[in-house]
Ligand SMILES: Nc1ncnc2c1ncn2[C@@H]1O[C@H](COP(=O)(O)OP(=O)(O)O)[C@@H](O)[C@H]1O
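In the block that follows, a single chain appears as C-alpha cells, in the form predicted on its own.
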Amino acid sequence: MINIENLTKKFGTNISLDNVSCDFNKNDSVALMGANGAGKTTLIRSILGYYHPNSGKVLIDGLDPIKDRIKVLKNISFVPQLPPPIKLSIEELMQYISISADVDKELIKHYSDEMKLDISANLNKSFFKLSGGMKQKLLIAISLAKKSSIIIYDEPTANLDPKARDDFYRLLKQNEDEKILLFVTHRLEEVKNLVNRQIYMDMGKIVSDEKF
C-alpha cells in the first residue's frame, strides 16, 4: 500500500533521506526507530506529501501524495508528537472533522469515552487550551474514528498517563486488522506487543528492517 523507492530528501547540504527504499503493506504494524535526526520524521512527512523529494518517489495505493494529496490523505490518520495549535473549540473541531473527512462525530465521542476523555463536559473549550494529555486523547479518538487504512503515530503516548496508555493500546489491538500502523517511537518496549516489524534508521538510511 505504501511504496517508497530510492527516496532522497535534502535540506540545503544536509541529506535527511539518503536513497531510501521500503514497502509497507496491509497488516504491517511497524516501529520506526532511530536517534533524533535519523530521518524518521522526514520519511513520515514525505508519506504525507509535506515534502517534495529531491529524487525517488513515494506512492500510496499507486497515488502520488503530493499530486493526489486529497485522495491520499482521505485514507490516512496522523497524530503528531506535538498537537497542532488549533484555536477551535472541541465542538467546532469535531464539526470540521465530520464535514471535511466524513467522520462520524458519535464515533469520535465513543473513542473519547474509551480514552476516558469526557467530550460532553468540554465541548465549548478551546482545543488549544486543553492539557497535553486531553489533546492527545482527542487526536487519538479522531484517528480511530476516521477508519483509515493507514494510521501514523509520532510518539503517541508522550503526553499520556499509564492508564491512558493502556486504553490506547487496547483500542489499537481492536482496530489493527487490514491496516498499516506506523509508530515513530523511542520506546520500543511500549509498542513491542503491537508491532510485527521494526525499522531502525540512522543518518538518513534504513540500517535494519526486521519482520517477525
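We number the residues from 1 along the sequence you see. Predicted model, so just to flag it, every value in this text is computed and none were measured.
Not on display, but discussed next: the form predicted together with the named molecule.
Inset, instruction - Could you tell me which stretch in 39-47, 55-63, 173-181, 157-165 has residues with non-hydrogen atoms within 4.5 Å of the named molecule in the predicted complex? - result: Selected range: 39-47.
Inset, instruction - Flag A35 as yes or no: does it have a non-hydrogen atom within 4.5 angstroms of any non-hydrogen atom of the named molecule in the predicted complex? - result: It does: once the named molecule is placed as it appears in the predicted complex, A35 has a heavy atom within 4.5 Å of it.
Inset, instruction - Please run the contact check for S21 against the named molecule in the predicted complex: heavy atoms, 4.5 angstroms, yes or no? - result: Contact with the named molecule, no.
Inset, instruction - Would you please decide whether N14 lies within 4.5 angstroms of the named molecule in the predicted complex, comparing each non-hydrogen atom pair? - result: Yes, N14 sits close enough to the named molecule in the predicted complex that at least one of its heavy atoms falls within 4.5 Å.
Inset, instruction - Pull the contact list for 135-169: residues with a heavy atom within 4.5 Å of the named molecule in the predicted complex, in sequence order. - result: The stretch 135-169, when checked against the named molecule in the predicted complex, contributes no residue at the 4.5 Å heavy-atom cut-off.
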